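First, one chain by itself: the form predicted alone, in structure tokens.
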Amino acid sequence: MRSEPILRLEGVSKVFGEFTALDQIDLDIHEGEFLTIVGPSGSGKTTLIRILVGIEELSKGKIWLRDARIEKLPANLRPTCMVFQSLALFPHKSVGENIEFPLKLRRQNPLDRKARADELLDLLHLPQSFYDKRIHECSGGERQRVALARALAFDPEILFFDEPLSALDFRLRKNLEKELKDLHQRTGKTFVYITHSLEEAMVMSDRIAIMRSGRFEQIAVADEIYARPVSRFVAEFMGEVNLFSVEGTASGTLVGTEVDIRVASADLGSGMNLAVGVSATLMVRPEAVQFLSGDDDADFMVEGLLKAEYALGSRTQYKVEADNGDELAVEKLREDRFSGQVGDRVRLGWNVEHAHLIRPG
């Protein structure tokens, strides 16, 4: 059963002069969840998180923390904490002094501060010998863990993250994504994370919120957004995808309006029904598309010319040019590579269970 919202936004807007950064945002953030907000630059995600943590004032709307309004509460009085991309650690202080800083502000006695710092070092998988280590002696990953430990020292109810892994190299970033997810599970805290990286969102999140032009385009679990996006924008944002413009026909099936799509069955199920002349977008992910041979068929079929093959480690991606010039993508596992050659005429197919119809908004 879904927990009650710990944070609730009602009609939150932010205007800078004539520019609307946030436009009537409504959002429920549930206690203990890991919510990731993703979107292109300028979509409003950083402005939103700055408002939630109390750094920025909203122009209009309400923010509830459980049963209390907090939109006018200053940042230092909110039970929240932010981990910045820059980390904002004190370079002249030791690891232990950085972690203890919020406890020192609360005037806790030194013995209690030290005990809490040791506890957090253990939680973040850092040796207790790091307590006296200088920040400038720490690696990028170690500094990231120190910043997390300092944030947790506040004992916040909600932790906000502003692209904290974006400056790290690929391998370290991948490791820390998993560690953040594990840390979330161990602490039970509510995490709200913003990133431009779809992969980060997919690895860590309970839910993903896709932002566009100051509003949420879709909020759902990763699998639902990936398989059933509500718009072309979300479909394309969630990775490589094949999109076809289609219309409903008098026979009750679909016809491609730009790429010649052959439909094997007039009865594809209610999910593929379109009224006559109504336009929509048919979506299929590259991994669901098959190369057909001989008498093979599928619910949907397209012909084209194999233009390129790319080795992607465990996968191989193929680019196929349809007769109208549009490019289609196919992905296969490395051990299931296509036996044909670049330049071959090929026939592609996929079944209705792997297709999704994006209807007009």
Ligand code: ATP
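Numbering starts at 1 and runs along the sequence shown. From a predicted model like this one, the values you see are computed outputs, not experimental measurements.
Absent from the display: the form predicted together with adenosine-5'-triphosphate. The rest refers to it.
Interface residue remark: His196 is counted as part of the site for adenosine-5'-triphosphate in the predicted bound form, having a heavy atom within 4.5 Å. The closest heavy atom approach of Gly304 to adenosine-5'-triphosphate in the predicted bound form falls outside 4.5 Å.
Although the partner is absent here, Thr36 sits far enough away that none of its heavy atoms falls within 4.5 Å of adenosine-5'-triphosphate in the predicted bound form. Contact between Ser314 and adenosine-5'-triphosphate in the predicted bound form is not found at the 4.5 Å heavy atom cutoff. Note that among 316-324, 58-66, 38-46, 294-302, the stretch whose heavy atoms approach adenosine-5'-triphosphate to within 4.5 Å in the predicted bound form is 38-46. Here is the short version: of Glu217, Glu157, Glu163, Glu142, the single residue with a heavy atom within 4.5 Å of adenosine-5'-triphosphate in the predicted bound form is Glu163. Contacts between 15-32 and adenosine-5'-triphosphate, taken as any heavy atom within 4.5 Å in the predicted bound form, involve Phe16, Phe19, Ala21.
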